[in-house]
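This document starts with one chain, in the form predicted on its own, laid out as structure tokens.
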């Protein structure tokens, strides 16, 4: 009797898990796979919401991209931003994780504060930083008042300064995520390794180089890959901070896609550019992951 009851309970649990799995798969198909396929189909048409009929034009949208200077500029900006932010955010993440890897209450509070930028909406973060970085913002006011600047500096008004400013803001946001990842990796390192290192006289930077850094390899793979993918598809922070200016110098590829679709009404071409960005993101992610995975194995 008890065996039958246990079997029924197990079967009921399995049916419940199967139902949840089916629901998750259905949501995945509806909200990810289906839109991806529709966008892929649209990329082979001249789809325009202002036209009654859209025609199949083959690879015309893809061949047009070869001569699109705005697209090339947006890809260059996106790649520079992605790799620059990834390096800076991961370096900060390792440093913050080493500083916050303590068990006291004050350090636990500081961990929460360090993760706060990642929790906030990108739009809210961008609006806050915009008040700091504008011509008459808090940063220029403070620098002029203490005498470091004679007049306000255009942090968002010149191409190079705007790139630096966006990189600074995105790095600040991403550092919360990277800090948490490296903290988790640090706390997974067996204490016995540090004890043995102490007995062998290995301390300071030597211990970090020979023990801590190699053991952070799995966390590095996760953090670097997700950081790259996040910045490659960045849209909200750039839109609020600069809107792609000045003179489209800070226009990311994601922002260019939105402008094509909703300003120029070229949905078909925008879909083709979106497919290019998807392929580029996948290529970068797979390449970086492969390189870092090989590093994990070699260590």
Partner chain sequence: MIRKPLLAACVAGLLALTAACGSGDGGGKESGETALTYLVFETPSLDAKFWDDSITAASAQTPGVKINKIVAPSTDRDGYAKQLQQSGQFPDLLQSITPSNFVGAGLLKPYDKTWIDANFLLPSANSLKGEVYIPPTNSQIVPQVYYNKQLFQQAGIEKAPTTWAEFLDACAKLKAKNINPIELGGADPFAASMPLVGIVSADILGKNKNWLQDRYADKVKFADADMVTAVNKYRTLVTSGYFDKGALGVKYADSITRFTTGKSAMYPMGSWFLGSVPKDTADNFGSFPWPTDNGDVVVPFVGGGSMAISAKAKDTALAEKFGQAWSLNPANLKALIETDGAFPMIKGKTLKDYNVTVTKVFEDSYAYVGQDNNKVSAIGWATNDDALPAGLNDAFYAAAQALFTKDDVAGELKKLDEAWKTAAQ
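Computed from a predicted structure; not experimentally measured. Positions refer to the first chain, counted from 1.
What follows is about the form predicted together with the partner chain, which we do not show.
Shown alone, this chain has one stretch from 107 to 115, 178 to 186, 133 to 141, 222 to 230 that lies within 4.5 Å of the partner chain in the model of the complex by heavy atoms: 133 to 141. Proximity of residue 163 to the partner chain in the model of the complex falls outside the 4.5 Å heavy atom cutoff.
In the model of the complex, at least one heavy atom of residue 27 sits within 4.5 Å of the partner chain. In the model of the complex, residue 56 stays away from the partner chain, with no heavy atom inside 4.5 Å. None of the heavy atoms of residue 63 is located within 4.5 Å of the partner chain in the model of the complex. Contact with the partner chain in the model of the complex, defined as a heavy atom within 4.5 Å, is made by all three of 151, 248 and 259. Contacts of stretch 256 to 277 with the partner chain in the model of the complex, defined by any heavy atom lying within 4.5 Å, are made by 259, 261, 262, 263, 264, 265, 266, 267, listed in sequence order.
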